[in-house]
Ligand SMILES: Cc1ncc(COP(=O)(O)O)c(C=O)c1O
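One chain comes next, on its own, written out as C-alpha cells in the form predicted on its own.
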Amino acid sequence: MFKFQEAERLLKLPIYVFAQLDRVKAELVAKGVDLIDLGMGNPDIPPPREITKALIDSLGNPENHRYPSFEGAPEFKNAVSGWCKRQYGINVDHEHEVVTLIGSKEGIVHLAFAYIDPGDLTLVPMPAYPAHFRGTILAGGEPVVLPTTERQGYLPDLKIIDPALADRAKMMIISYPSNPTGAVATKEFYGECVAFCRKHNIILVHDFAYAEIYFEGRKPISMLSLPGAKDVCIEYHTTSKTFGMPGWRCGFAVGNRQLIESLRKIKTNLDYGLFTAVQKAAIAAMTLDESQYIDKVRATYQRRRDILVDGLNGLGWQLARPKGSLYVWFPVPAGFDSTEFTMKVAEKTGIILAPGISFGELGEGYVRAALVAPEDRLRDALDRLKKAGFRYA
C-alpha cells in the first residue's frame, strides 16, 4: 500500500478536535439519539425572503453563471461601501478598499499567505477562532499567544508585550465581538491596538464577523472608525451571521488599500471569485431595512442567550451574560478537561458542545455552546443536563 508524506505545514497543525466530535455525532445518530447540536456556530435562522428571491431571480440570467470578475461585481462593492457608511460611519473607496471573499475565513487565511513568511510572527489573543492562528501555521509562521482572561474582559494587555517581540511581529489579529468568548471591545482598546500597530509597523487584522450580533443595544464600532486605523488595518465582514447565509460563503474585507490589493493578488491565483448570483443576493441583504430582519435576529439570539445562561446558572455556574456573538463560554466541572466533558455530555445527553481546546491552549478548561437552536430545544438541553447530573460546583 502506498504511503504519502503530508507537507510539514499540515503536520504542525494542532489536532482538530471537531473531527473526533464528528465521529461521536455520527455514532450517536446511528443509535437513534436525538442530538441537540450546539457545537458549531451554524446559524439556524434563515435569510429573509428578499435575499432568496434576489438569488432566484439572478439564477435566471445566463451571464451570472459565467466566471465572475476577480474584482467582484462593481454593484456589490458599491453596496459594501454604502453598508459600511450607514452601519459604522466609515468611508470606504469601493474601487481600491474593498475585496470580495468566499466567506471571511478564506480571506483571513489567505492574507497570512500573502504576508507571512516562514519564521514570521503573528500576535493572536487567545482563546481564538482557529483560523486566526492556523492560517499563520499553514503559511510557515509562528502564532504568538496574547493571553486573555475573563477578569480582563478577554482583552489582551498590549502594554506587557516585549517591544523587541513587537518589532519582530508582522501581524496582529483582533476579533470582537469574540468567538468563542462573546466578549466585546471598547473604543479605548481599539485605539491602543491602532497606536501599537502603527508604532511597530504591524498589520492589524480585525475579524468583525459578529458586528451585528450584539445585545442590549450596545452596538460595536468598526476598528476603521479610529483615526489612523486605515494606515495599518484590514477589517473582515461576513453575511453568514448577519443575514443567516453561512452556506452561501459570502464575505468581504475593507481597509488599507495595500493590504486589500495583496489579498486580491493572492486570490487571483487561488480562486475565480464569488458566484455572481450570490453577490446579487448580498446586495439585496445590505439594502434591507434593519427592522425587517437584523433587529429580529438580534432579539432572537438575546432570548436564547438569556435562557441558556440562566439555565446554566441554575445548575451551579455563575456566568455573566455575553455582550455579543452567538456563543456562551463556560468552565467545565472539576475532574474533566474540555474534550472529556464534551464527549461525556454528548454520550449521556445527546447535546453537542465545542471543547475549549479547539480555540487554543488557553481555551482548555472551557466549552462553547452556540445559540443555534430554538428556545424549546435549549430548554430541553438544560433539562437533559439536569437529569444527567451535570452541575458546576
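Treat the numbers as computed from the prediction; the structure is a model and nothing was measured. Start at 1 and count along the sequence shown; that's the residue number.
A second form of this protein, the form predicted together with this ligand, is not displayed here; the remarks below concern that form.
- Within 4.5 Å of this ligand in the predicted complex, a heavy atom is found for every one of 129, 175 and 209.
- You can rule out all but one of 232-240, 91-99, 212-220, 135-143: in the predicted complex, only 232-240 has residues with a heavy atom within 4.5 Å of this ligand.
- For the candidate set 104, 279, 122, 256, a heavy atom within 4.5 Å of this ligand in the predicted complex is found for exactly one residue, namely 104.
- Between the options 286, 308, 108, 184, the residue in contact with this ligand in the predicted complex by a heavy atom within 4.5 angstroms is 108.
- The shortest heavy atom separation between residue 249 and this ligand in the predicted complex is within 4.5 Å.
- Heavy atoms of residue 329 never reach within 4.5 Å of this ligand in the predicted complex, leaving it off the interface.
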